[in-house]
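There is one chain below, alone, in structure tokens, taken in the form predicted on its own.
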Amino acid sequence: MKSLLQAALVIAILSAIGFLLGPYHTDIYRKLLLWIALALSYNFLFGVAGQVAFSHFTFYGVGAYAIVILVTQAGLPLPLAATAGIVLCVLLALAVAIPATRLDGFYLALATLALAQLFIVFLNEGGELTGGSGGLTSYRLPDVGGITLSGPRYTVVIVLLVTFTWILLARIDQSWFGRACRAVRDNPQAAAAMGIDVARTRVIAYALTSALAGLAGMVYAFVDNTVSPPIFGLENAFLLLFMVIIGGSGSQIGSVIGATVLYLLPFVLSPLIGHHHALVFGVVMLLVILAQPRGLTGLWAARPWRSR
């Protein structure tokens, strides 16, 4: 009961913020929340399950394009289109995960990097289906139960997505499966000796987090009512990795902090130093990693003034 009240309070506060902001800051706030949702799911894949993959943003794009194509071109009702989009993400994730997650470290990263590149090529060469390099535009979110979800109301939808992602992954992390993922991450051989099916654990973790990324992509598709290949490029895949590392790999609160800092930092730096903000951005990330490999949450945990 206490956890439900806490979740309701968080949802109320985060939703209320959306009603207080103007159009420009609302757009920034929504995209920040989506980055947080992505960072949470990628943190489980990378920080908890120990899989270095660059396909997370690809599934974000798969979800976004799937929901738009199924609603606008196939004419499916929104609930059916969303369900079909999630199933598509899971099937694609399984097709990639079953062979790819048997690889380790560098090779897994290369396999998922290739998938990310192939996805961008498919979007650019997809013709009318994907809109080519210009993407898909001029569509809108269908009414849900006669209710138009736009403006602050749609911000509430994104808040619910973030809350759902946090609660689901927190519960999984505390379950036997979460412990199995950490065991596989730390020592696959020892995990196998304990009776853990290493390959199956990796596949499930990859498919689960990919489906969550696809779900976030579906929600993103109706933020700007446009999807295009550059949005899902590799630079964002690397930025997502940096968010998790900077915040603190394996920590949910670290993912929130990392996503918030790295997403908002350019907005703070750009007015101060102009186009040089990218250089300062990189230096800040490097200094944090060198000062505390466990990220900002590790830096806080190691604070010298804490009580002993």
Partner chain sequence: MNNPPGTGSAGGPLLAVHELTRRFGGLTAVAGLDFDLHAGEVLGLIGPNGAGKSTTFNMIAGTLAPSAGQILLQGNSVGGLPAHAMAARGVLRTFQHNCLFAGMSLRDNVMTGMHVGLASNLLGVIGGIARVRTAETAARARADELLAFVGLADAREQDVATLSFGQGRLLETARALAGDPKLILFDEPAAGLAPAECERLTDIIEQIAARDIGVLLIEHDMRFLLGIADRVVVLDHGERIAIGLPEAIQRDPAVIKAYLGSTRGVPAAGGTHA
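Positions refer to the first chain, counted from 1. Just so you know, these numbers come straight off a predicted model, no measurement behind them.
The next section is about a form of this same protein that is not shown, the form predicted in complex with the partner chain.
Only one of Phe119, Trp166, Tyr154, Phe177 lies close to the partner chain in the predicted bound form, with a heavy atom inside 4.5 Å, and it is Phe177. Checked against the partner chain in the predicted bound form, the residues Ile204, Val96, Leu78, Val90 give one hit for a heavy atom within 4.5 Å, which is Ile204.
You can rule out all but one of 133 to 141, 178 to 186, 68 to 76, 223 to 231: in the predicted bound form, only 178 to 186 has residues with a heavy atom within 4.5 Å of the partner chain.
When contacts are judged by a 4.5 Å heavy atom cut-off, Ile86 does not count as touching the partner chain in the predicted bound form. In the predicted bound form, the partner chain stays beyond 4.5 Å of every heavy atom belonging to Ile147. Interface membership of Gly195, defined by any non-hydrogen atom within 4.5 Å of the partner chain in the predicted bound form, is confirmed. In the predicted bound form, none of the heavy atoms of Leu160 sits within 4.5 Å of a heavy atom of the partner chain.
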